[in-house]
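Just one chain follows, in the form predicted on its own, and it is written as structure tokens.
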Amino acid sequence: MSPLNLAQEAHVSIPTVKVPPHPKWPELSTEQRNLLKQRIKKLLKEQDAVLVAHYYTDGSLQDLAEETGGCVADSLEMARFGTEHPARTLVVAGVRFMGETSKILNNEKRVLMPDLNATCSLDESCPAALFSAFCDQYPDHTVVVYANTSAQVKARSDWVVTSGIALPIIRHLTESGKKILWAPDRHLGTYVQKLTDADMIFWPGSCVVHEEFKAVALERMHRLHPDAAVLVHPESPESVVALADVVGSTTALIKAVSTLPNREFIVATDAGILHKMKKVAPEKILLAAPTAGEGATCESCATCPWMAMNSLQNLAEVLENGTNEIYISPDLAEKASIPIRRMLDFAKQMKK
């Protein structure tokens, strides 16, 4: 029986996620941008704050994080960085679950975000009460949730994983004889199950950005660029993953651009990653994978509208006003930290 059928048999009716329009930020001149960056740098220093940005955010935020001693990374490294950096304030440019994770692991620190409405379709499609009831149906399963979930969902889980570490953790649990309840991204879950033969039941969620990649359009693009390596994030549909030369986390895909000999790459993940790829391999040609299908209005529109809510403008505002602070009760933070730290400890053991 397929993983998706197992999820359907559980009769989970997930809420419809309302996708916001992409925010339209005012165009900044070079002078305005430089002045704004200088103001933010001054505020970060005055407030003993460090900026942590995800690869999918605007390139100007990624550059600023690196210039100020912060971090540009995937969600696993963002979480690790926040626990190890001595700054009293963490400013998280990304989506809400990333800010929550920083607060869970650093409950004594102040955690700010440019926009608290910057959420995630996976998080939104997996409300805690509905998920908890789903888990109750399978008491003999180990609950593994993707990092793209709320603090409450993490607190209900046994393990938290990111795309970069999901495969070895599921392989470890499978070798230990565990049955897995997986949430919320069914595409990543399907990918992991195929490589591990794990006994898994799936929550039927998906990412609104990665869901839009189309295999037929990707094949068409590859025919036009036959020497290009196809890089795919495993949140993409199975038919798209099947066409990949490399499947992996954002960090793995960035590494592939710099290490593979190909001159051209077709990249199937959020277009924000292209900024970092261009920096590590400026000589390479990067092509955004197509999301176009029947009735499509653009060839490739793979940009997360919630990630786009982060900007230099609202970053400066949040530092000046002290607004948009993440609050998580100590009790909830303690419960949610257990599966996250389990993941971080597992990652440490892998490096030994």
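The structure displayed is predicted, hence computed values, not measured ones. Residue indices: 1-based, along the sequence shown.
From this point on, the text means the form predicted in complex with a small molecule, which you will not see here.
In short, of 192-200, 257-265, 173-181, 72-80 it is 72-80 that has heavy atoms within 4.5 Å of the small molecule in the predicted complex.
Among residues of the shown chain, residue 249 is one whose heavy atoms approach the small molecule to within 4.5 Å in the predicted complex. Among heavy atoms of residue 210, some come within 4.5 Å of the small molecule in the predicted complex. Although the partner is absent here, residue 149 sits far enough away that none of its heavy atoms falls within 4.5 Å of the small molecule in the predicted complex.
Interface membership of residue 163, defined by any non-hydrogen atom within 4.5 Å of the small molecule in the predicted complex, is confirmed.
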